[in-house]
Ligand SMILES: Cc1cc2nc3c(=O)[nH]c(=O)nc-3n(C[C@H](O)[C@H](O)[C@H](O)COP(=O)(O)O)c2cc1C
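Below sits a lone chain in structure tokens, taken as the form predicted alone.
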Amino acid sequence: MLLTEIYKKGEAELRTRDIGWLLDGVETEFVISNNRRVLDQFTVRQRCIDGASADTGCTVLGLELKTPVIMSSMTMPIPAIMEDGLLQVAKGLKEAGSLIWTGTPVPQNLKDIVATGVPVAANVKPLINREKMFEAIDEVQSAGVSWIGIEIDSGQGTKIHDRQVASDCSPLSLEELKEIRKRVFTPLIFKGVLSQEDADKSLEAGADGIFVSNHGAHTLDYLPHPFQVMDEIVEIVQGEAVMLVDSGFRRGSDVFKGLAFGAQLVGLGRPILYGLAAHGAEGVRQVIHEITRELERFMSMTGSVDSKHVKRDLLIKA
């Protein structure tokens, strides 16, 4: 099935269920419309003479992946799509050579997900009850995940339309992030960075990775798309941490642009849900596979032999 067909079938299936509203955005939904608008502002500089085949494989923080296209962090609403949804997602992503990234609540079967052999990252929210937050960190760490993510942007919880979804959170201080660093022995990723200031503090706190993200339009209204702040964040990071990005990415061309802005990995949220709802594990595999194929075409026709050669000057502001 073609990617567009998977998206249409998957979204239609989810919209018929009582979880369909989770696909929407916070308050006015400006963030969702702005994501697509900003992604479309950049065209691609073609360099096809002497073009060569492109390799989409990459190694990031010790993980070898066949593609820089990964799953963005989420747990809800996957179990509601199908009973063993997370294991089906893990199976599809493993076959695609990608990575699964769970969110909150911490999946009860996290150890089973790790046991599938797919690379696993797991996120933890900044819970008001810091003791419970550290218990969650210890839980995901003991499950054997490859990376741990901290949602620094969930300090006021999450919200969809006017409905508060998560409300048991409060902002983390720099000192608390440093304490988390001491407790975590895997690579540590701070997710939700959207400014120079937070990038600088993330480095000071010892982050191994910085995830530039507006959280799927589920935190604050009127947040920018990552591309509106990526250049200034890259200037601060200067290779001291791995850069990741998500927020509205749907096609291989979007992923190409993310790599050009300096990200090593690009995350997908809703496309994973669409693939799962449309065709289970095979649908998830197809989504990653088709987007990676599209990315490979762009890389080949721009003289980018691998993801490290996808440079910023390949993008033209429309």
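Note that residue numbering follows the sequence shown and begins at 1. Worth saying up front: this structure is predicted, and the values here are computed from it rather than measured.
The discussion below concerns the form predicted together with the ligand, not included here.
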Q: Name the stretch: of 51-59, 289-297, 248-256, 276-284, exactly one has residues whose heavy atoms fall within 4.5 Å of the ligand in the predicted complex.
A: 248-256
Q) Is there a heavy atom of residue 263 lying 4.5 Å or less from a heavy atom of the ligand in the predicted complex? A) no
**Q.** Contact flag, residue 88 vs the ligand in the predicted complex, heavy atom cut 4.5 Å
**A.** no
Q. How about residue 74: is it within 4.5 Å of the ligand in the predicted complex, going by heavy atoms?
A. yes
Q.
Given that the ligand is not shown alongside this chain, does residue 68 nevertheless sit within 4.5 Å of it in the predicted complex, heavy atom to heavy atom?
A. no
Q. Relative to the ligand in the predicted complex, which residues of 114-132 have a heavy atom no more than 4.5 Å away?
A. 123, 125
